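Single chain ahead, written as structure tokens, the form predicted on its own.
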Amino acid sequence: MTPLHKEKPMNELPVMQEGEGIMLFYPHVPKKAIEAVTEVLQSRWIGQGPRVAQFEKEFEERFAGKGKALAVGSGTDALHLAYILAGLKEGDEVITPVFTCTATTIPFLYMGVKFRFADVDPKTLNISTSHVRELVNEKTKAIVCVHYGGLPCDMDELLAIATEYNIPVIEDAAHAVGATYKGKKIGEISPFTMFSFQAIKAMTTGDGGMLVLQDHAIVPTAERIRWFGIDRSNKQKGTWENDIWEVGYKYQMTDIGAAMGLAALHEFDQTLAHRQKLFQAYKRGLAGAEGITLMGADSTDRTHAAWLCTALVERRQEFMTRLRDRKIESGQVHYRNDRYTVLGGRRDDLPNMDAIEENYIVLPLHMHMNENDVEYVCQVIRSGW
């Protein structure tokens, strides 16, 4: 890597006021969400009720194409449900990215499913489609991809591989609500797409998730598994036969969470636009800066949902210390999953992940920031570390 330019004197940089700082994350709860939750708490329904159904309907109208949306208690719930509905069973093999939240991988341990880690694309940190092509074989039963930071993966290539082997693609779109790929919304492309509404996501229900299914025939099964294996609709009608014949889970969303989700959905255009504006400000502010490369800044056939702003930097620890000294938080956020003993430990066939492991860093990007904040961060970075 090229040597860093000399640091500017501290007095040439703007100074934040005492006690202030720029956080890495900050939850965004719309004011209308507070009113909506209060209404729910004063109503008959606080568990899964009419607000959940309304949230599902409005979400699928916005993001699911012709698919069906099912609201659940977390993104992890949605992934586990997707893996079950995809027919994965003990001993089956899947391909999944090594660089992701452990939530993508952990459900395979519940199920006894074998997973093979695919390397990262060094330009995006998404799954490497070339490595997927090397790994896929007649034992592979599904391909899981993660749209890291909100930038969609190379879906055409992944779907081509999946079609060739007659297996599904399961999209972990925890970061990618509002993203598009070649004019299509993330949520309408693959048989299974998961979204997360965890506390610091672009849309939050406190914690929660959504699973979008393109095959309507499996929706009744999904709804049963989401609720202990019980046919909830017939139970409420008084026509349930009081039998359970499949393993179910307590994976439903509550009306409290759905009320927050609806409020966030109703102002999501503004939220997405603001986050994308901040990402573009980073792109301008760091253009030509030495020692740092912004990830996902050059894609033209897909839109970035801008949940994370990630960069590759030289001397990461010194970089983080420099930002911390100027009251700017930064962090790695996600880690390669093969670092964890429970997931089998370190692999030796992931050269791209090895190459960037000590260099990637996430910069602040959230609704409590404005373009001046981004410019301040960029000025500090351009001053050197």
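The structure displayed is predicted, hence computed values, not measured ones. Each residue number is its position in the shown sequence, starting from 1.
Just so you know, the form predicted in complex with a small molecule exists too; it's not on screen, but the next bit is about it.
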Inset, instruction - Have a look at 158-166, 103-111, 270-278, 123-131 and name the one stretch with heavy atoms inside 4.5 Å of the small molecule in the model of the complex. - result: 103-111
Inset, instruction - Considering only heavy atoms, tell me if residue 141 and the small molecule come within 4.5 Å of each other in the model of the complex. - result: no
Inset, instruction - Spell out, yes or no, whether the shortest heavy atom distance between residue 255 and the small molecule in the model of the complex is within 4.5 Å. - result: no
Legend entry - Heavy atom of residue 196 within 4.5 Å of the small molecule in the model of the complex: yes
Inset, instruction - Classify residue 190 as contacting or not contacting the small molecule in the model of the complex by the rule of any non-hydrogen atom within 4.5 angstroms, answering yes or no. - result: no
Inset, instruction - Can you work out whether the small molecule is within 4.5 angstroms of a heavy atom in all three of 76, 79 and 175 in the model of the complex? - result: yes
Inset, instruction - Select from the listed residues 116, 201, 185, 302 the one whose heavy atoms reach within 4.5 Å of the small molecule in the model of the complex. - result: 201
Inset, instruction - Would you kindly say which of 146, 260, 306, 212 lies with a heavy atom within 4.5 Å of the small molecule in the model of the complex? - result: 146
